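Only one chain comes next, encoded as structure tokens, the form predicted alone.
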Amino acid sequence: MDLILKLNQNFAKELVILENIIAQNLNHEIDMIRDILKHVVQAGGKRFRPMLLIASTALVEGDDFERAARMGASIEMIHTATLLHDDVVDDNHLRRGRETANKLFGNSYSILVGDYLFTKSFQLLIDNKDIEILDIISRSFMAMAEGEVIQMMNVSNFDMDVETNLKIIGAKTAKLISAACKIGGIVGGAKEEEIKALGEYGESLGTLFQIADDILDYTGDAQKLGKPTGNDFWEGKMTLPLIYALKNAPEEEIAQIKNIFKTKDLGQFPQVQDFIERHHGVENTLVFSKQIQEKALGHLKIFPQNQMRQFFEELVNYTLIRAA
């Protein structure tokens, strides 16, 4: 079974509370705002970040799941807002198998409604009157913006190194997942060292999730992904499979790959995939991912060996399996 589906089934009551909170915040009197919000929030998604927050509350034996659901709704709104902005920045027209908001409603409306969602999410946090959680979220939001800038600065940079890519992943993806885990611990009344461990676990898990997505962009099935494969390459985003392959390849082959990128001939993508395979791009990425996996599992050792800890361990393993 898909572990994220299993998570939603285990916390079905909390998921209903979460969905109700999100739905309440979709009911806007301005038609355009309401239509865009409904399109992006109801487009699907597995509510992974908010449900991970709720699971983190359970891991530390907390029981205030209604509060956890409210905090999870705020996390989901921030995540959705970033998707709205990312689709504009990347000029995406398809997400989860559906047309993106910027494709249907235009870039300007998408950006403004993304801004609205950010503000709405912070309003939920303010209503909760918890400065510590506000601090965690605001720092995550700043990191996400910084990560986007670093990524944009390195578009089409075929000399980008692994460290820079990891900095982008950490800021754009891992920070919010880390925040979800930490906040779940705070809501559950965890000890300081447990909250720290949850944050570090979330950082490693978020890194693994993004690396898995980056691998699937070269190896996955477009129908299952809900978007075309090869998007990262054609958009000039340097991810680990390509970075490792470029490190291993001779100059003449690198020149060929750069030329394919410049021509934007989508029909040549199989040659790029062959280049990645022959020069061990995915293989080396998976080897590196194993190190992140070990770190993630190590951060869980502070918690008792029970069903919830087992689930968190399985989630790490599942992340790698879906990309291998």
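A quick note: this is a predicted structure, and the numbers were derived from the prediction, not measured. All residue numbers are counted from 1 along the displayed sequence.
Keep in mind that the form predicted together with a further copy of the same chain is missing from the display, and what follows is about it.
- For the options F233, Y116, F209, Y244, the residue carrying a heavy atom within 4.5 angstroms of a further copy of the same chain in the predicted complex is Y116.
- Proximity to a further copy of the same chain in the predicted complex, defined as a heavy atom within 4.5 Å, singles out one entry of L104, V162, L94, M142, which is M142.
- With respect to a further copy of the same chain in the predicted complex, the three residues T219, A255 and L286 uniformly fall beyond 4.5 angstroms at the level of their nearest heavy atom.
- The shortest heavy atom separation between S156 and a further copy of the same chain in the predicted complex exceeds 4.5 Å.
- Under a 4.5 angstroms non-hydrogen atom cutoff, a further copy of the same chain in the predicted complex has E148 among its neighbouring residues.
- Proximity of H85 to a further copy of the same chain in the predicted complex: non-hydrogen atoms within 4.5 Å are present.
- Proximity of N248 to a further copy of the same chain in the predicted complex: non-hydrogen atoms within 4.5 Å are absent; the residue sits far from the partner.
- Judged by heavy atoms within 4.5 Å of a further copy of the same chain in the predicted complex, the contact stretch among the candidates 182 to 190, 127 to 135, 209 to 217, 195 to 203 is 127 to 135.
- Using a 4.5 Å cut-off on any heavy atom, none of the residues of 240 to 256 reaches a further copy of the same chain in the predicted complex.
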